[in-house]
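Only one chain is shown below, in structure tokens, and it's the form predicted alone.
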């Protein structure tokens, strides 16, 4: 599987976003653009502004059930007055190909209704026999609380259209996201997202989170283009949270993942 991926990559030299948005958001169909979580660092950094205590998180994803093709992530966020500072690290790939990304985010809340954020990324790409390259990109996001139950979100990644150089000539995608989330009760949360990757298809996503009992959450979601299914669950115990998810690609198969976070 990993060598098939490398073959198609070398043909196109156009990177599709491989950012892991965390097991909770993935289980809900990757609809985190309007949600609040430590994993907002990976999807819409504006969601960090709701954090009130420092949080650390780690995650591991096995891509398409291939033991060598994986994503590892580590996140840290700390609030200070009306601001939240976040640091993220991710590594994706296998021995012949890997991407690394380090991000630094600043999120700020304005009252109880508006969250805004900026994120700066350092990217490194290594391909066996093709060398390595580095570049930088930016992201910006906002979230607006329209009512006690409704949040709206928007996010743009790489509006500066950064590309790798040094002979690699691979593009980092420009991605636009818009979404909404609605809490029907303290047990049911619905989220939607519309995602457009420049020069690629537009995707619509929908997900749900259901609080089954005190510390157990069940989650599921779908996306339209391509049609993908998502499922997972979460366990919250005091300051510790465990999230498990899997996504199903119609051609490439399943990608299970797990994440843990701790709030200090």
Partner chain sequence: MSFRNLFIAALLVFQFLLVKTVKSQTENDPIVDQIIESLSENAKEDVDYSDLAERLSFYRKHSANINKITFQQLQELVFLSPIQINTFLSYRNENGPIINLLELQSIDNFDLETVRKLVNFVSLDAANPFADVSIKSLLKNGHNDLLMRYSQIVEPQHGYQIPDSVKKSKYLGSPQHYFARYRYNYGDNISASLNMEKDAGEQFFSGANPYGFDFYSGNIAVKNIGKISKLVIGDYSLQFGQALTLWSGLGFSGKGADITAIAKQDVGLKPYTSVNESSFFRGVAATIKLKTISITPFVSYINVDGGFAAIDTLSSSADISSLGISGLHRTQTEINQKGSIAQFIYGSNIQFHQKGLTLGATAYHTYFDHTFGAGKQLYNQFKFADNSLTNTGFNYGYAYRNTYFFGEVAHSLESGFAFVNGLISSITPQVSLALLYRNYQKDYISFYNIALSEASTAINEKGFYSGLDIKPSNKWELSAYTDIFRFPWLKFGVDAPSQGYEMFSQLTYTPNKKIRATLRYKFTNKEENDNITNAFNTLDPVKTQNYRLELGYKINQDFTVKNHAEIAQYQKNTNPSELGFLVYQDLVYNPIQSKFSGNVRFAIFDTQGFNSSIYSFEDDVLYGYAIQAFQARGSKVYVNGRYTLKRGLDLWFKYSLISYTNRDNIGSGLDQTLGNKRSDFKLQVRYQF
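What you see is a predicted model, and the numbers here were worked out from it, not measured in a lab. Numbering follows the first chain given and starts at 1.
If you look for the form predicted together with its partner chain, you will not find it shown, but the lines that follow are about it.
For the options 74, 188, 102, 150, the one in contact with its partner chain in the predicted bound form, meaning a heavy atom within 4.5 Å, is 188. Proximity to its partner chain in the predicted bound form, defined as a heavy atom within 4.5 Å, holds among 197, 50, 229, 70 only for 229. Though the partner is left out of this view, residue 110 does not reach within 4.5 Å of its partner chain in the predicted bound form, counting heavy atoms only.
In the predicted bound form, its partner chain sits within 4.5 Å of a heavy atom belonging to residue 222. Contact check for residue 208: a heavy atom falls within 4.5 Å of its partner chain in the predicted bound form. Under a 4.5 angstroms non-hydrogen atom cutoff, its partner chain in the predicted bound form has residue 184 among its neighbouring residues. Exactly one of the stretches 208-216, 23-31, 234-242, 39-47 approaches its partner chain in the predicted bound form with heavy atoms within 4.5 Å, and it is 208-216.
Of all the residues from 71-104, none has a non-hydrogen atom no more than 4.5 Å from its partner chain in the predicted bound form.
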